[in-house]
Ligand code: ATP
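In the block that follows, a single chain appears as structure tokens, in the form predicted on its own.
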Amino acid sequence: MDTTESLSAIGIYGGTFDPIHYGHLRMAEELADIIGLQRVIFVPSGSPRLRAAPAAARMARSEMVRLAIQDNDRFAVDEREINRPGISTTIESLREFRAEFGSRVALCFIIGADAFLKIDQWHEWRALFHVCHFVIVSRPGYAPVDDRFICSGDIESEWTQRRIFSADDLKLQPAGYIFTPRTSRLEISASQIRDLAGNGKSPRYLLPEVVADYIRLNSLYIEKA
């Protein structure tokens, strides 16, 4: 559906958030400004289909997100995936969001470049383009997303047909585009924080202090003997 009238835009940011840290938060803040997102909805995953189970329990990860974003009016947390039994699939959640928001909202699905390169392994991956836009961001440790970003096969075909270069274009239709904005790449990883916490060291300044306190008080990421 093409339209000359600008749509409102909502960001959907899924992940394990195990734990959430400043890299996640700063990137979401910048995307809200770059695209003009009315809201960024953080969606902690339940049982991911294509990766190992998160170290922290579902509700612990959701609570850490809630604590981290509590002072930002543009951020919200959605628990549909952690409340869903069994394996979570992105297409199921995005279809639910689309049904809730309707066709007058541009759904912007935020995804790391490393994950996008494997998107053809996702359940009903081609259907994703019919319910959302892809906003692809670079991650620390991976090459920046630019004109040298290399896809292959069916993914390359979608990349070539759907890529746009202006954030304003995302609001021209509710779904179907690929946008690759430049955002800050903070050299922070969740695995680094888990290792620090597991070894009794401080993760301070890598994530909000309230999240660090929650990790310490609940003895998260400490291996049980």
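In case it trips you up, residue 1 is the first one in the sequence shown, and so on. These figures come from a predicted structure and were not determined experimentally.
Not on display, but discussed next: the form predicted together with adenosine-5'-triphosphate.
- In the predicted bound form, none of the heavy atoms of residue 128 sits within 4.5 Å of a heavy atom of adenosine-5'-triphosphate.
- Interface residue remark: residue 123 is not counted as part of the site for adenosine-5'-triphosphate in the predicted bound form, having no heavy atom within 4.5 Å.
- Contact annotation for residue 137: at least one heavy atom lies within 4.5 Å of adenosine-5'-triphosphate in the predicted bound form.
- In the predicted bound form, adenosine-5'-triphosphate stays beyond 4.5 Å of every heavy atom belonging to residue 203.
- Out of the listed residues 105, 82, 111, 77, 111 is the one that sits within 4.5 Å of adenosine-5'-triphosphate in the predicted bound form by at least one heavy atom.
- Between the options 34, 186, 59, 53, the residue in contact with adenosine-5'-triphosphate in the predicted bound form by a heavy atom within 4.5 angstroms is 186.
- None of 22 to 30, 153 to 161, 166 to 174, 62 to 70 except one has non-hydrogen atoms within 4.5 angstroms of adenosine-5'-triphosphate in the predicted bound form; the exception is 22 to 30.
- Shown here without adenosine-5'-triphosphate, the chain has 188, 189, 190, 191, 194 in 188 to 208 lying with a heavy atom within 4.5 Å of that partner in the predicted bound form.
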